[in-house]
Each structure stands twice: as C-alpha cells, then as structure tokens.
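First, one chain by itself: the form predicted alone, in structure tokens.
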C-alpha cells in the first residue's frame, strides 16, 4: 500500500530561506502569518492529508462513484466524512475574502495545502478545488446580490462549485458551443443544453452544487464574442438562503474514465434550468478565465503533487528491495544482494524526479507569491508586473508540470519493476490519475499555442522582458560567487537558448504562422526548463547560506546542492535540443499530405 508524507520541512525552507516570507508582511493577509503560524497551518493541513485523505485514495479508486436512477450520485465510502473534516478545518475558505466568511490568508498557503491534498488524494481534492476556482470567478465578476447569496455558503463548504464549458462537439473551440440562454421576465435566464466532462457535477458531499455555465443568449453574436456566464444552482435558494426547489439541471451519466475514479465526472443536462448572469452579457469568457486560470494553476500543482507522492513511494521501495550487486562490488556483503539504490539507472530516475519536484515546488511558490502581489500590493506597477509574470507562467506551468508529472509517475512505477504494474502497490493508479492533468483545463498543446501565440507578444512582450531581466539580473548579482558557477553556467546556457528561440519566432513566425505552431510545444518545455533552472539557482544560493549559518542543516543542504548540480548537468542541456527542433521550422511537419497519415 502506498504512503504519503507532506514535505513540510522542504516547503518551509522555500518559504523562509529562498523567498524570505517575512518580506511580504506589508501585504494584506500576510501580516499575521508569522513563520510559526505558517508552520502550524502547514502541519495541520499535512495531518489532514496524511491521516484522512490518503487512506481513502486506493479504496476510492476501486469503489468509484455510483449514479442512481434519480440522477443522484454517491461518492466512495469515507468521502463524506473526509469532506466534512476538510470543511470543518476551514480549508476551502483559507484564502477567500473575509467579507464573505473567508480567512483572507495568502493564496500561496491555499495552493500549498492543495498540493499536499492532491498528493494524498487527487480525486477528492477536485471537489473543494473546483469550488475555490468558482469562488474566485464569482468574487471578481458577480453582482453584490449574487455574491451575498452564494459566496458565504461556498466559502463555508456547504455548497460546492463546478465549471461547465465543454460540450460533445465543442472542447477548446468554445465559439462552437450551443447551450442557449433565454431571458425571463424576472431577470433570470432559462438555460438549455448539454455539457460533458463536468468534474464534481453531481455528488452527495454538500447540500447544493453551484454550476458556472457558459451559454449563448438568444440573438448574441456568433463565436466567442457572444458567450455569457451564468450561475445555475442545483437547488434554487430560498429567500433565507437555504436550498429550495430543484432546478432543471441533472446528471445524465457518469463518464467511465482511465483514472480519478473517485471524482464524479458527469454529463450534465440543462433543460430550461434557471440561471443568473455573472458580469456582462456576451463577456462570459472574461469572467470564466478567472476560474480557468486558477484551475490551470491548480492542475499544474496536481502534476507536481503526483510526481512527489510517486517519488516518495519509489524511494521507499528502492531502499528496501534487494536486487543485484553494485557494479563496483557488493555494498552489503552480509546480505544476498544490494538495494536498488546502488544501481546508477535507478538513481537516474529517482534524481530526475526529485530534481524536478524541488524546483517545481519553488516555481509554484514564486508564481503564487506573484498571484498574491497582483491582488494585494499597494504599488500599481508591482501589481501589474506580478500579473504579467503570472499570466506568462500559467501555460508554462500547466503544460510542463503535468507532462513531467506523468513522466515521473511512469519512472517511479519503473523503479518497482513488475510490482509497479500490480494494483496493490498503488503506482499504476498514480500513472492513471496523472494522465488526465495533461488533458483537462486546456490540453498541453493548447497551452503551448497560448504561450507562443498570445502570451509572448501580449503588451508588447512586457512579461517576457521582465522575466528575462529578472533572471539575467540574478546571474549578474551572483556571478562573483565561485560556488554558484556550476549553477549559473547552466542557467545562462538555458536562458540563451530561450532568447534565441524567441528571436527565431520573431523572425520566422509572423510571415509563416505554422512555424510558431510547429515549435510551440518545444518552446513551452524550453521555457519550463529555464524557469526551473532559475529556481535551482535560487535554491542553491539559499542552501549555501543556510549551511553556513546552521551546521545542523548541512547534510540536507548538501543534498539540495547535489540535486541542483544534477539538474544543471543532466537535465538543463535539454534546452539545446528544444532549440534545435524549433529552428527546423514547419516545412517537413506540414508537407505530408493528409491522406498519407
């Protein structure tokens, strides 16, 4: 049976030593989060994830969700009790506005708890996770009247939220959606249509489910310019806010999926269901993008979360499993064989996973801190810069973290050999669960196109310029430190490859857009490696400082420094391969006739 231990000590090192958490104490919500308070929050969240959520992961996967004849859905045994514990702990409203019952704490802390939760039980985490994303969209775009009804109950967790975009004929191309909205005399709308792949669309965890639904108002323009966003509750609220009459929104079926079996992925039917407009008519995507961007960061974190729990179990197995002898001679001559950890290829896989995990954890915190600054900083320029960088990094993190997360789950499974293919060890579930993160909230190829087609040139390339400047400034600032040379050398090479790739697009993609499409996926991963390399340099500098100041931390800091060098020597050079592929252009890729595929 798999196990999980939340990496609280590593998280605290990143928060306190790498990113100096106390520097943000002037921002709203940060003032009371002293290092002791932050540690207490993380420890309590870790306890919930380790003791309550993780034991339900395999059992929930085996049992799955059950749809009944009346359209209701039962979640696996133990999920209702686990959800109650999650709600009672106030975890859903950790970063939500205090105006409607939230705790108003930094988004960064909520994201870290979601990381622990997804490692422990990814399918469970999707229920409160989607609710948090829905809360963000309602907070930013809904009327005060709608906020007063829905936010307090969603923040408290007694109501949950969903996101309804996809239709049978319409995935990424939302301009094709057919769900329609007909205005009613009371100011509401009658919503009719079918949505598919709706995570947490129906369940028995909460007394009401609040669907955020994209639909087209009668007479609206065609394409994405005519899409509006609506709140469509499962039960229409009474005047006192309690659930009232059942709305005409129902679960038609549960999808039979490869993984995340314990999350009810539904086909949702809306048959004239009463809905309430969020924001302006025909500008629904603007409102939904708030939810989508939060969800994309959440999915990126899922990729990291699965990579982390898979790594932990693979390491435990490699330590205990005796198999073969070291190439340099027996390391445990008193035993019939040495542990798997003596074999270089086992170490290669494990170190590749961990080197990613530590840098990705840092990049998660770096990005979430920018999310907090974009909302909380009193400095308009700082808010803008943080918003720019967050927008730039969201497709990179979503695509790279989930691709690597799946690859790392497979590597961890490989460490187990044949046992990794057997269900009782839990590794095959990690592989199955990780696979969806590469697809939902915008398939990773779409993330790459978004990065190259929109984010690079947005505002005249302002965000990209800021990232280049920050990274180059760090290299210059630390260039005189000889200990940093092995790390900075790799970062400088990766940054150079990223800049060359960017320039190549500028010179070759405007006149021939297929060049951008053909190179976008490699560019996304090149960017991701560079960003992870930047994080490793920041980790290395902090590790050197901590090792010098605290002799008791020397062993742990030496391990980080070794992992950082491994990343620079064995993983960072991949940037040159990505650059070479980008520079080949699209000619060969687009020349094969369709009928020859």
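Positions refer to the first chain, counted from 1. Here the structure is a predicted model, which means the values were calculated and not measured.
There is also a form predicted in complex with a further copy of the same chain; it is not shown, and the following applies to it.
Contact with a further copy of the same chain, judged by heavy atoms within 4.5 Å in the predicted bound form, is confined among 565 to 573, 24 to 32, 52 to 60, 535 to 543 to 565 to 573. Contact with a further copy of the same chain in the predicted bound form holds for none of 80, 159 and 333, as no heavy atom of theirs lies within 4.5 Å. With a 4.5 Å cutoff on heavy atoms, residue 16 does not count as touching a further copy of the same chain in the predicted bound form; it lies far away. The closest non-hydrogen atom of residue 238 lies beyond 4.5 Å of a further copy of the same chain in the predicted bound form. Proximity of residue 323 to a further copy of the same chain in the predicted bound form falls within the 4.5 Å heavy atom cutoff. Although the partner is absent from this view, residue 555 contacts a further copy of the same chain in the predicted bound form, with a non-hydrogen atom inside 4.5 angstroms. Contact with a further copy of the same chain in the predicted bound form, judged by any heavy atom within 4.5 Å, is made by just one of 221, 479, 344, 378: 344. When you look in the predicted bound form, the only residue of 436, 151, 113, 365 with a non-hydrogen atom within 4.5 Å of a further copy of the same chain is 436. Although a further copy of the same chain is not shown here, in the predicted bound form the stretch 253 to 284 places heavy atoms of 255, 256, 257, 258, 259, 260 within 4.5 Å of it, in sequence order.
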